[in-house]
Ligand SMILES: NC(=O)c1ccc[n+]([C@@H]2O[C@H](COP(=O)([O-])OP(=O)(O)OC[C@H]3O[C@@H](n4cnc5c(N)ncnc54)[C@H](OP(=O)(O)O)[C@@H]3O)[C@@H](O)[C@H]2O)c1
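For reference, the chain that follows is the form predicted alone, supplied as structure tokens.
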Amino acid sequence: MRVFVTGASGWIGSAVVPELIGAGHQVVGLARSDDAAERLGAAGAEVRLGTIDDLDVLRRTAADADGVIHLAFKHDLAFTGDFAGATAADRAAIEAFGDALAGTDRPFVIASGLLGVAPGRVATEVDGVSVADDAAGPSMRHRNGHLTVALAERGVRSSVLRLPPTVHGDGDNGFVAALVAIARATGVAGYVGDGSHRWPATHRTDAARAFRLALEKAPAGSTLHAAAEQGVRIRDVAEAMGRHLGVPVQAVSPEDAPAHFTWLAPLIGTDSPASSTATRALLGWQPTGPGLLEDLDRGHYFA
């Protein structure tokens, strides 16, 4: 297939591109800078210059493709407090792709998140099927997932692949790296309350494989989970960081969490384990990468 990939030079996209090419697909990657374009070209992808705000570029490129994987998201906006702006841009891109692919039965896979789908219990692929109109934070992005699933009614083989907050590996600059930076800055590897909150986790290479399999196999209207580990305790993550950084591991009260964890405070205290049993059965996805704690013990997060 000729596959259009947004976010192709990003953390996950730069693993998805070689995964697709290695499976015999041709990749057209969206690049918003000359540096990103150069890296995509070196990886063997055709380059399309633009951003997810260039809706005409998205429509034209998707119309010429056999399938689309949409990974781009304005994390810079989301992480600085404008989650609404980031999700609005994401929604506009999804609508543009829906218009381009309507009636074609071509695959369209988007990335979404697992954090907060079913707080306090193990989320499955059937959870999160409805979101309140006034939802805030990560739930706002879940509404875009619902829009994508609904494209099945317009003749698009659409699917949503929900990712853990910890898609980890050497070079990760996401949540785990942010926690390491906080521990360095404060001199404390912290966790909220008793540290029993759990996050699902997946190695970057396993996430890339899940996207390829979703593109190739997922039925229209599928919701999928790329959770290699159902739930890793945040206290265990903090203890691994404490060992490697040589700093004490301490509980942080919920009241003090905003000052200690800053923008991560609402997330670090969320218990959000997730199952991927249905996804594994549907796609034949079998994760093979290291677990999060094993990856932390490899040391690259602390180099």
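Quick note: we count residues from 1 along the sequence shown, nothing fancier. Since this is a predicted model, take the numbers as computed values, not measurements.
The protein also exists as the form predicted in complex with this ligand; that form is not presented, and the subsequent description refers to it.
Quiz item: residue 212 near this ligand in the predicted complex, any heavy atom under 4.5 Å?
Solution: Contact with this ligand, no.
Quiz item: Would residue 12 sit within 4.5 Å of this ligand in the predicted complex, counting heavy atoms only?
Solution: Yes - in the predicted complex, heavy atoms of residue 12 and this ligand come within 4.5 Å of each other.
Quiz prompt | is_contact(residue 39, this ligand) in the predicted complex, heavy atom dist at most 4.5 Å | solution = Contact check for residue 39: yes, within 4.5 Å of this ligand in the predicted complex.
Quiz prompt | residue 51 within 4.5 Å of this ligand in the predicted complex, heavy atoms | solution = Output for residue 51 is yes: heavy atoms within 4.5 Å of this ligand.
Quiz prompt | Sole residue of 141, 106, 198, 203 within 4.5 Å of this ligand in the predicted complex, by heavy atom | solution = In short, 141.
Quiz item: Taking this ligand in the predicted complex as the reference, which of 183, 93, 151, 71 has a non-hydrogen atom within 4.5 Å?
Solution: It is 71.
Quiz item: All three of 123, 222 and 286 touching this ligand in the predicted complex at 4.5 Å, heavy atom to heavy atom?
Solution: Checked in the predicted complex: no contact with this ligand for any of the three.
Quiz item: Among 213-221, 157-165, 190-198, 96-104, which stretch sits within 4.5 Å of this ligand in the predicted complex, heavy atoms only?
Solution: Only one stretch qualifies here: 157-165.
Practice problem: Heavy atoms within 4.5 Å of this ligand in the predicted complex is the criterion; list the residues of 260-277 that meet it. | Solution: The stretch 260-277, when checked against this ligand in the predicted complex, contributes no residue at the 4.5 Å heavy-atom cut-off.
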